[in-house]
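Quick heads-up: the structure tokens below are two forms of one chain, split into structure 1 and structure 2.
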Structure 1
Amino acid sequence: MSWRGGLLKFCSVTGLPALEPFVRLAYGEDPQEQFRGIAKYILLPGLAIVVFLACWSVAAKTIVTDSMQLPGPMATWSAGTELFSMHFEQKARDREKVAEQMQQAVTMVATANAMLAKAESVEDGALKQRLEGNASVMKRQAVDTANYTSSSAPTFVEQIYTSLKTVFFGFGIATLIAVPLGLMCGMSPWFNAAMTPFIQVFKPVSPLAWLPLAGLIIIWAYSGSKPGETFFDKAFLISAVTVSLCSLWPTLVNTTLGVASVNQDYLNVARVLKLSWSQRLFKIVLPASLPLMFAGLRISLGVGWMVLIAADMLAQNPGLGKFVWDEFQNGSNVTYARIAFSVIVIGVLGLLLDRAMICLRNLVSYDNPATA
């Protein structure tokens, strides 16, 4: 494939048609047509953003109460840069504290070694035993000091990381449940008939209704466990399970539809070739249903990202939802600017996740993304 074909293929697979006119223009194709594409994908959205920012600025000057004011674009940007600055300052302080603790641990080990050396030269048995005991205690304290971990509150960037980790964990659980169930529903009309009532009843349930039940199950599973003894934090699991319960349905339904829509000719060929059940599944059914399955995964990830914010708020999982809730409770003069910035970050991250899923979907659509 030529460079031109490879670049155009990249634009198609990644779902970035805005780059296509630049590639075609670089290879000398109809400049007028390509400038029209650039105006459509770059200039027009840019103009829409400028108009939106202007309207936002006007609204910020208009919507003012005795104690609150809608933050404008500049105030929101300043709040965002301040949040990132606070993260880097906190990380620098943490590194200094770790280095200080490590130096202190080294000093304690040296002191303990000096005590042991002194104990060897002492003839008094009681004093020798006391020195050795003190040296042993000091070495244990040195180990604790060297293993120091910061207990500072999570920064905005760390809360973003926690949210991404939670949504991927919940999305992974949902995928592991939904795909096998969808395959069985698609391949067996009897199993599909048995599952349909559950799908129809539970699919529209709000995350706010699932969360208390998810919390109950996690609290039951963690009963008898002490903090620090479990691999996952309780609030993290409650949020992740809530995300799973709300996001598995699109994947389940689309996988069922994809498997049920496999061309009958393919299945007839499988019968003629006397393929086994597993060969029919992995060589025909799965490849043919992948586009619709990935379309469902894309919707599931979007649903999971939306649900996560509410789940974080209610479960107190230290992610973006908790950040928004804490800022709302805080009530400082930058509260709403920080909330507005977090809204933009949530939207941008959702867009990036969606783009990633579009890319994966196009990779399995056999050069026909429209089918997905």
Structure 2
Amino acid sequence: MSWRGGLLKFCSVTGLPALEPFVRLAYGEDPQEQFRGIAKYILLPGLAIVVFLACWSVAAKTIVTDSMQLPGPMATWSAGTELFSMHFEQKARDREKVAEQMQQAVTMVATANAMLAKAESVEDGALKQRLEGNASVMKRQAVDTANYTSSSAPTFVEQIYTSLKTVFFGFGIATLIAVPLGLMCGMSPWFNAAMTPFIQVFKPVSPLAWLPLAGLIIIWAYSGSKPGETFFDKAFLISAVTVSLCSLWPTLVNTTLGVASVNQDYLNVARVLKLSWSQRLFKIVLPASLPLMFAGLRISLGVGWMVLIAADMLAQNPGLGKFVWDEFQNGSNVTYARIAFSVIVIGVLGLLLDRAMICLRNLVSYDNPATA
């Protein structure tokens, strides 16, 4: 495939049609048409953003109460850059600290060895015992010291990472449940009839209502195990399970619909060819229902991301939601600027997640509608 074709394909698969005019322009295609494309996809949105920023600045000057003020774009931007520089400073300090702790651990082991050597030579039985006892305590502590992990509160960037991890984990669980269930519902109207009451009742439930129940189940499942010995953090699982509970419905409903509406001609062909059950599933039903299934997955991920922020706030799971809540509780001068910045970050990440799903869909299925 030529470079041009490759680049154009890249633009459409990744869901970035805004780049297309640039590629075509680079290959010397009708400039006028390309400039129209650029104006439509780049200049016009740019202008809209400028207008938005202007309105925002005006609003920031107007919306002032006794205790609060809406932060302007500049204040938000500087709060954001400060958050990132705080992250890098913190990381630098942590690295220094880890090196320092390692050094100290080595010194502790050396001291313990010196104590053991001295214990050999002393006559006094009690002192000898004390030296030996203390040396073994010190060696154990040295191992703890050497394996020091930073105990500073998570920074903004780490919170982003935690949130993404949680949403993918929760979304993964939801997909694993929703897709097989949806396939079964789609293939068997009887099974579908049995599931319908559950789907209809649970679908509209707010994440905040699920959260205490999710918490109850996780804490029950983990009762008796000590913290630190479990693979996952409880709070992480509570958030993730809440995300799954809320985000599995769109996938479930769309998969059902997709499977149920596979063209009857395809199924007839399968019957003529005497395809086995599994062949029919993997060669006909799944590929034919993929576009709708992915539409569901896309909505699910979006819902999951929205739910996660709320769940973080309440479940105390580290993440962007907790960051926003903690900042709100701080009530300092920069609080609202930081919250405004996180709102933008949350939005941008949501957009990226959505694009990632589109990209994935375009990779595995065809006949998709064009990306907006």
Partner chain sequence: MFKWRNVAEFWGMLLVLIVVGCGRSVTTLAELEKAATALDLSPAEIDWEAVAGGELLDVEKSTLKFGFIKLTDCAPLVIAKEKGYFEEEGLNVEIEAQSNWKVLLDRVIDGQLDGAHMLAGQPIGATIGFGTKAHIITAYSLDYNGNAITVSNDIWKQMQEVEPALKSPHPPHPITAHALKPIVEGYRQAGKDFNMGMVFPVSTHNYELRYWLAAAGIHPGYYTQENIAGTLDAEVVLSVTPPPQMPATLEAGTILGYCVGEPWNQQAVVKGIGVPITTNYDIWKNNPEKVFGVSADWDAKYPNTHLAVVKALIRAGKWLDETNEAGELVNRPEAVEILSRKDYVGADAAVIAKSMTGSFVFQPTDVRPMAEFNVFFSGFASYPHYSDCVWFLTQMRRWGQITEAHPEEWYSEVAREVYKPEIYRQAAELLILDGKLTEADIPLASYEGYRPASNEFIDGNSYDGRDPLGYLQSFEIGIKD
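In this text, the rigid core denotes the largest set of C-alpha atoms whose superposition between the two forms falls within 1.5 Å. Residue indices: 1-based, along structure 1. Keep in mind that what you see is a predicted model, and the values were worked out from it rather than measured.
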Query raised in the report: The form predicted alone: 1 or 2?
Result: 1
Query raised in the report: Hey, with one rigid portion rotating against the other between the two structures, which of 148, 48, 35, 306 would you call the hinge?
Result: 148
Report summary line: The angle, in °, through which the smaller rigid part turns with respect to the larger between the two structures is 15
Query raised in the report: With the two forms matched on the core, what distance in Å separates the two CA positions of residue 109 between the two structures?
Result: 2.8
Report task. Once both forms sit on the same core, give the Cα displacement of residue 120 between the two structures in angstrom. Result -> 6.5
